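Heads up, the chain below is alone and in the form predicted alone; it's given as structure tokens.
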């Protein structure tokens, strides 16, 4: 669980966060550094600095990757301070129509389904010349992933039996991306977990984890309540996420958000706050990402010996995988020891790709510099597959690839599942 948010006065201005911040490494401007943002927030809270479009822009120039908090010797949770400040900026200055629309859609599952349906219709009706011409950030419309024909959770049972002897039960939090965009990730995750002997439970009433709302200063309490109740309704040995951003919400943000709502005497206490707090802590303790889970059970995987060697394979470590789950070394070891995979690390494997939720859309110039560097390195190793366990990174990476190339961007689970020995 996140520790209580430490006061801004703890910042010693040492500058260690500068070398960790992907935005600062691109811009080399002090005002873009985490250290500067903390000082601006402190001035705002002390009423010596007023809200302004410039202040809002500076606060928004952040990927919310958490690297600065990991590097901070004073233990300051920049993440929480930045989210709180974003909320204050939105309350003071409002939000752009595009971001407001996104927040509106993500705040209720019925709206997400409606938005996905509209987007699917748009993908069908938009002529190719128009899809080639227009971009969101640096990504041409036609290079965004096609939506699933049917939302993934509608295509699978709530409870899926294991192959062979049952070892335990796992709840699978699919997130929005797997449900609406990347069904291959969901199919592969279920296939691997049942292959390992686990019963898989997929709560139908789960919804957006709430991280996109919190990143944009919007309340995520309703999403949080829905998911806590959905996940706590099932007795299980663990909770699996295929996206570490969703995982960071369950593991880090839910306990912190309940704590803050209780401190502010807000609606959480009206929903039996003590029970919710206990549930949130249990969820946090049980949550693990799928790649860490596979790494812990690698010796139990049985592969088809006829699977051809896949490679070269490069990996991009998402920010939340590195900073929340600390899973990069586990994933590296896993990929290195898979018998069918020719894993070739790139020098910037752990560098941010510039996706950052909507960062690639709001700050395309900064995102492009980050992505161009990663593209150079992945091309330098002649990668055939470029793997990542974050759906936004996947969108950003595949969306910026040269269409004439043959690199495939995939979640690692799809290659692992494809190589398993089938009954």
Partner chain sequence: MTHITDEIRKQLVHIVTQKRYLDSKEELACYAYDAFWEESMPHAVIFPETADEVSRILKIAFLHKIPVTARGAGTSLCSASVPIQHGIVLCFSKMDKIVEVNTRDRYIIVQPGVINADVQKALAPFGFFYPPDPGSMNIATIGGNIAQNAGGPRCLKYGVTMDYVLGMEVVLASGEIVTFGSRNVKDVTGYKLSSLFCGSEGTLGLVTRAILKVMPKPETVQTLMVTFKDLDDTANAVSDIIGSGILPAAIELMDRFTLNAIEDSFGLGLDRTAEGTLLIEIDGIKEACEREMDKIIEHLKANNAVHIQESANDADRERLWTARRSAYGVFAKLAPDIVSEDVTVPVSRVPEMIRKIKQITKSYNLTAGVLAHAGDGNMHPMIPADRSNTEEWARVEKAFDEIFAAAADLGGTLSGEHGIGLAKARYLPLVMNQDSRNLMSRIKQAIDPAGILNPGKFV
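Keep in mind it's a predicted model, so treat the numbers as computed, not measured. Positions refer to the first chain, counted from 1.
Separately, the form predicted together with its partner chain exists; it is not shown, and the next lines address it.
Comparing 394-402, 368-376, 381-389, 46-54 against its partner chain in the predicted complex, the single stretch with non-hydrogen atoms within 4.5 angstroms of it is 46-54.
Contact annotation: of the candidates 347, 75, 308, 339, the single residue with a non-hydrogen atom within 4.5 angstroms of its partner chain in the predicted complex is 75. A residue is said to contact a partner when one of its heavy atoms sits within 4.5 Å of a partner heavy atom; residue 19 meets this definition for its partner chain in the predicted complex. The closest non-hydrogen atom of residue 10 lies within 4.5 Å of its partner chain in the predicted complex. Proximity of residue 69 to its partner chain in the predicted complex falls outside the 4.5 Å heavy atom cutoff. Contact between residue 363 and its partner chain in the predicted complex is not found at the 4.5 Å heavy atom cutoff. Every member of the trio 28, 39 and 58 reaches its partner chain in the predicted complex with some non-hydrogen atom inside 4.5 Å.
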